[in-house]
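For reference, the chain that follows is the form predicted on its own, supplied as structure tokens.
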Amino acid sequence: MGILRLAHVDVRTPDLDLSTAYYTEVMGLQQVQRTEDAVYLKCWDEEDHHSLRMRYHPRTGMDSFTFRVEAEDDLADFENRVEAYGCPTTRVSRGEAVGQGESLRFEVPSGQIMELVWDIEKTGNLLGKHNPSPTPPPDLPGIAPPRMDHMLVNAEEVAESARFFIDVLGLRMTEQVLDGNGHQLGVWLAGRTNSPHDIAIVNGPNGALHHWAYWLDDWDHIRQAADTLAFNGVQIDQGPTRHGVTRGNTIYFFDPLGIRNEVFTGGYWVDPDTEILTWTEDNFGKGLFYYENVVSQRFLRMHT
């Protein structure tokens, strides 16, 4: 039994056309499907039906986030474990959600709605499976990341949320930030990937989304992304810079409705027996933004 990876993020937008234009023309995602009130998008190297769903709603926010499990039977096992922890669960039947089969839905201790799913519709990437090119078509618009990488949510009680994701859902902690009393201010967690994180949890209001991130292949692609963002007048929040935590290279910026995005590359290989890295609060400036060595309160406090 195990959680493999982040599958998709579902958000609300009061301007579906504007959001769609940004994510297709500036971010360079592929529009997979559009209904009366929702748009489904993916990156060029993703196999699943979509990694981002946006639906119309007068208020911007996150509906839910979904992780894929390793086997179909895992849904029943996780259902028992989540219920035993004290979180009620709901089964979402096949056909209720576009691009996937039955899923398990519940509210995590920090207030966000999470789903687990095994059966995901596979629509393939842009490269195909027969003599594929190693690179996408050169005329893709915008930044054109190959895949979604990770996300970060907020929690008023980081330690409680970390226990749930580790003890109940089976994720591994790779890094943590501790205050002077040894309390967790932030944790970085990985599923079955070898990434330093598939999801991170940092102190903040329950229910909040801080950002989700797209993977780029190297630092030069980060620089090109910065050029694309600047050319299109996108508000850059932080970067280009480097994290101490995860060792990743990064830019943070906002979509037109105020949701924070990130492009990310680098990091380090995480094995199942890799020891946890710990940062202390007095050195978290370097952990957060290694070059600047500053704890940006705007960065930490602005959320969706």
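Quantities reported herein were computed from a predicted structural model and do not represent experimental measurements. All residue numbers refer to positions in the sequence shown, first residue = 1.
Although it is not shown, the form predicted in complex with a small molecule is what the next lines describe.
Practice task
Examine Val168 and determine whether its closest non-hydrogen atom to the small molecule in the model of the complex is within 4.5 angstroms.
Solution key: Contact with the small molecule, no.
Practice task
Using a 4.5 Å heavy atom cut-off, state whether Ala226 contacts the small molecule in the model of the complex.
Solution key: The answer is no: Ala226 has no heavy atom within 4.5 Å of the small molecule.
Handout entry: Residue contact check: Thr66 to the small molecule in the model of the complex, 4.5 Å heavy atom
Key = So Thr66 does not count as contacting the small molecule.
Practice task
May I ask you to check whether Val11 falls inside a 4.5 Å heavy atom distance of the small molecule in the model of the complex?
Solution key: Val11: no, not in contact with the small molecule in the model of the complex.
Problem - Candidate from Val234, Leu104, Leu126, Val202 lying within 4.5 Å of the small molecule in the model of the complex - any heavy atom - result: Looking at Val234, Leu104, Leu126, Val202 one by one, just Val202 meets the 4.5 Å heavy-atom criterion.
Exercise for the section: Only one of Trp188, Phe78, Phe164, Tyr214 comes within 4.5 Å of the small molecule in the model of the complex by heavy atoms, so just point that one out. Expected result: Of Trp188, Phe78, Phe164, Tyr214, the residue with a heavy atom within 4.5 Å of the small molecule in the model of the complex is Trp188.
Handout entry: Stretch from 258-266, 23-31, 36-44, 53-61 whose residues place a heavy atom within 4.5 Å of the small molecule in the model of the complex
Key = This holds for exactly one stretch, 258-266.
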